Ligand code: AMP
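Listed next as structure tokens is one chain, alone, in the form predicted on its own.
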């Protein structure tokens, strides 16, 4: 059977590789993909489709759906949140093609933080206290009142989709005012930043939980801990994610059962009651605080780089799992949260992201990438790569590559991945050197 994966980053590279492992899959097309996604070894099943034309990735997606029907695509997997928010999943469903991805209406859970906050309040899910603002003047008044109640730092979040970069942490009144300038004067995030949430700062340990869902049941994937800030020791600006590890020692099996029962299941049930049935991936970001677990955000797609870390440990047939979800038959799947077999030598994984100079605000691109062929113990996932005239890989965006190594424990996986990171070079390359240290020290 043929599968179509939509997207161009490291997440889509990881999805394509895992789907290609299925015996039932004959070909995986990735659109638009990037220069490094086509498989160069192994099964050779992965093929980059590239862009059809400049309108293909915009509604109504007629060229994509027509091609998919002609090619007899049996499953479509949608990676990026912006594709989902534009209604891409709806277009394929209307064309009669099974798709692992939520409807445009259901993606409000991620595309509007205000929608998610109101839903959580309605069904009693613990989250940070917040207030909605819609102008610079309203924001100035709000931060004064909010800081009086909760102190600093404060968290400011753009309501809409900003590729993980719409959150600003303000430690002082002047930093809070500067953040409002970014949203309302500079308009850095456009319409996505015209409604802003001011939130209390939650202190603790962050954990990401991803689950396959068909709208009525959930199948959890291993939890992971992301590293959002650009620099070591959680300094610098927020990014889309600079690295991640799994397993997360501080999240007990009892904690996971509690979060599934009291957070994730109530969310899919409430969405179903609203006529917004989910079918795809549900992601919840939690903060373990002194007062228990609180939700930071919901996403309606696989995380990046969490996917690159979790899927290499996945020993089930991902194609079969996703196909069952599209049929509403996920309950028939016996899937344990700890996906690696108990006797496996790979019980942990660590992923490190290699980013361009200037990332996340102004990444410098077109830098030649050297050494990828020298990597020995890690999987290399291409995220923002192209080819120059000499057919050499070059950087084409902010997060360029991610490397994932597996091991019997975090220490082993961490040593392997950083040994391979040192084999890769491109001018201005930046990465964090402390990924998974918190997990080892827990």
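Residue numbers count along the first chain shown, from 1. A quick note: this is a predicted structure, and the numbers were derived from the prediction, not measured.
Same protein, other form: the form predicted in complex with adenosine monophosphate, not shown, and the subject of what follows.
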Original post:
Of these, 276, 324, 287, 116, which has a heavy atom no more than 4.5 Å from adenosine monophosphate in the model of the complex?
Top reply: 287
Original post:
Which pick from 316, 90, 200, 260 sits with a heavy atom within 4.5 Å of adenosine monophosphate in the model of the complex?
Top reply: 200
**OP:** Given that the partner is absent here, state which listed stretch (266 to 274, 136 to 144, 293 to 301, 250 to 258) has heavy atoms within 4.5 Å of adenosine monophosphate in the model of the complex.
**Re:** 293 to 301
Subject >> Residue contact check: residue 175 to adenosine monophosphate in the model of the complex, 4.5 Å heavy atom >> reply: no
Original post:
For residue 104, is any heavy atom within 4.5 Å of adenosine monophosphate in the model of the complex, or not?
Top reply: no
Original post:
Looking at the partner-bound form in the model of the complex, is residue 228 within 4.5 Å of adenosine monophosphate by any heavy atom?
Top reply: yes
Original post:
Can residue 111 be called a contact residue for adenosine monophosphate in the model of the complex at 4.5 Å between heavy atoms?
Top reply: no
**OP:** Enumerate the residues of 156 to 175 that have a non-hydrogen atom within 4.5 Å of adenosine monophosphate in the model of the complex, in sequence order, or give none.
**Re:** 157, 167
